[in-house]
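What follows is a single chain, given as structure tokens, in the form predicted alone.
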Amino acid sequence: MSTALYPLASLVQIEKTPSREDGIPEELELDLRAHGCKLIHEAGILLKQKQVAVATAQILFQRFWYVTSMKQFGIGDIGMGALYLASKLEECPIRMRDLINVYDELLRRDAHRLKYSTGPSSSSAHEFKYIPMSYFGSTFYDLKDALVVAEMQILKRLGFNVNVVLPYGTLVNYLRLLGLTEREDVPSKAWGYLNDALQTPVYALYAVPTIVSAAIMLATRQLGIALPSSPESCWWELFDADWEDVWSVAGYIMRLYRERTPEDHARVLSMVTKKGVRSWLEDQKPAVLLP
């Protein structure tokens, strides 16, 4: 990874991620990344964790998959480890037991959704009810071991380079410069796009000014606000952002809102663990016909 104020993935890592080398298609990898970040976000809400820690965890989670394959580690385990590590980095630590309890609930809920994801019985007839695990059973200690290993692997594989620059302060400065702070809807929409972008790899691919410019572009276009875009005065050039990169970031964000089939949802839910990923990869291998 390149070393600037914060690490970005290299061209080689972008073109062929470890997961893609193991046979996971790009679209599926992006869906798994997004689902892992959603789990981090939901865990942060349940734990009443600060937004800076949750955002930092999602960025570390995205970086991790440019150096490691999803065949080696599950997105649930790495998401749990990323949130635990980020909570320490942002000086708002959480209890290991609380984090394990929350992730146990989230993973069990995913398993429940997968079980009833197809057919007429997939509605409220099978409402999910969480039963807390026993602290003397094997589940708690398995999750505890997975959490410790995940945190260690994130640090090891990222080379202890866990510096993260969040985009929110930059957004406020850019909106002031463009004269857009008078309207409440522009900052709130742009802020929302920045939060949604955490479910994509853009924070591991592009500099913060480019990501913030993309969020501003999406917000102003949705609200019908015109900004200078003539060849002589392009507003994004004020922030040293390249138009192709801004457009690419916007594409990553808008991809999150596309329609997904029940089969797509079920496939992602079945691959939250590394066991599920390996099982899916085995199913994709062509059958060997015996003579």
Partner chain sequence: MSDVAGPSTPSRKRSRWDTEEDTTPQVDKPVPKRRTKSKVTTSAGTYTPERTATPPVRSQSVAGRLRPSHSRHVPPRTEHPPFMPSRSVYCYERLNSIEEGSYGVVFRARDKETGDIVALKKLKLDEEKHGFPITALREINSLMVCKHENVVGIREVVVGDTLTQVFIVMDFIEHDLKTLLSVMPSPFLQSEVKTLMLQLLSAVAHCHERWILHRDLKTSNLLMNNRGTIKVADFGLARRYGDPVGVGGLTQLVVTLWYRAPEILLGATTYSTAIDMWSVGCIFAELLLNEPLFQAKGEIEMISMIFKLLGPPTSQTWPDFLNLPLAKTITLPAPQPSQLRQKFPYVTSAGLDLLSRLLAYDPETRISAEEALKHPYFTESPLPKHPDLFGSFPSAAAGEKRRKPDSPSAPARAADYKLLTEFD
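Numbering follows the first chain given and starts at 1. Since we're looking at a predicted model, the values are computed, not measured.
Note that the form predicted together with its partner chain isn't included here; everything after this is about it.
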* To do: Could you tell me if all three of E42, I45 and N195 have a heavy atom no more than 4.5 Å from its partner chain in the predicted complex?
  => no
* **Exercise: Q72 in contact with its partner chain in the predicted complex, heavy atom 4.5 Å** => yes
* Applying a 4.5 Å heavy atom distance criterion, does R183 contact its partner chain in the predicted complex? -> no
* Asked: Might S279 be said to contact its partner chain in the predicted complex, defining contact as any heavy atom within 4.5 Å?
  -> no
* Any non-hydrogen atom of T170 within 4.5 angstroms of its partner chain in the predicted complex -> no
* **Segment assignment from 183-191, 74-82, 155-163, 108-116: heavy atom within 4.5 Å of its partner chain in the predicted complex** => 155-163
* Go through 206-227 residue by residue and record those having a heavy atom within 4.5 Å of its partner chain in the predicted complex; state none if no residue qualifies. => Y206, A207
